[in-house]
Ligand SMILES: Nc1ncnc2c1ncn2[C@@H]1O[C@H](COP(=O)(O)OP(=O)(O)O)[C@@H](O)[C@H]1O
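Okay, so here's just one chain, in structure tokens, the form predicted alone.
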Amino acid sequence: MDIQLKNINYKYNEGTPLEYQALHDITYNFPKGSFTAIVGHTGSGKSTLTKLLNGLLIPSSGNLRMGNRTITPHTSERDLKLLRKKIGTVMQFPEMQLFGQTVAEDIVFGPMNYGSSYNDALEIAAEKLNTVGLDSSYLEQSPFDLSGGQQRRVAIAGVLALEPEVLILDEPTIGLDPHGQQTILTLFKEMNQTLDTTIILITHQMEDVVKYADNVLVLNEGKILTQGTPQEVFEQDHLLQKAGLDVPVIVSLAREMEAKYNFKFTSLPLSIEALTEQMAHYLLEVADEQNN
């Protein structure tokens, strides 16, 4: 499902002395099957935008189109409920939302809430457990007897059980070791590629942006600072740093090399492989000039 935001504004406590505008005139498209990272420092508007995308808030003005449905300031709660089934959200520490006595009880809750029978929901639960790398033997276990990483997978399986067309990932790897982080994000990337699921990743980890995202939206003080592919966005590293944002370590290293050795990369490397490839090519050119 594609998502289009047009002239979105959002104000908290609208019409009161505590009114605060969190988003200003946001226009942006999330194409169907895309993997987009949203980055920005605390207070940039990421959380508010996430709540608009998953139907927890409606815009103060502007409109948000999801597939063939449009959300406006006048959208009803009933219409939002229909949309929420299509939007899955994996929050920070999703395992903290586990509540069932068994893994099965947790995962079947969502499908049954939307009308599935218990047996159908149980089949879905087994399938989604397999998707996150756990077999059906976990269904009758207590989620609170599992490891932290396993609990997170169960919580993700519960989100996937509704078979959302869009997945919003709000810092989904917080608290995991590097291997766990890579496993979870690789899972979502595979879903993006094989199921054409639209993925929206909220993150501070710029290396993850480089590795997994196709597009990047940068927010600053409730406005769009810049947008584009990871290559296009990180080539504006001075703009990002001026806004208090980090850039990938490789980008910082490349800029230091350019400054120290008066060397200019043909395109800013975003990975160690890209950096070493360009450096090797450059050294070969230097060697050829010296031999001639």
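All of these numbers come straight from a predicted model, not from anything done at the bench. Sequential numbering from 1, following the sequence displayed.
Although it is not shown, the form predicted in complex with the named molecule is what the next lines describe.
Screening 259-267, 66-74, 25-33, 39-47 for residues having heavy atoms within 4.5 Å of the named molecule in the model of the complex returns a single hit, 39-47. Under a 4.5 angstroms non-hydrogen atom cutoff, the named molecule in the model of the complex has N13 among its neighbouring residues.
Shown here without the named molecule, the chain has no residue in 133-162 lying with a heavy atom within 4.5 Å of that partner in the model of the complex.
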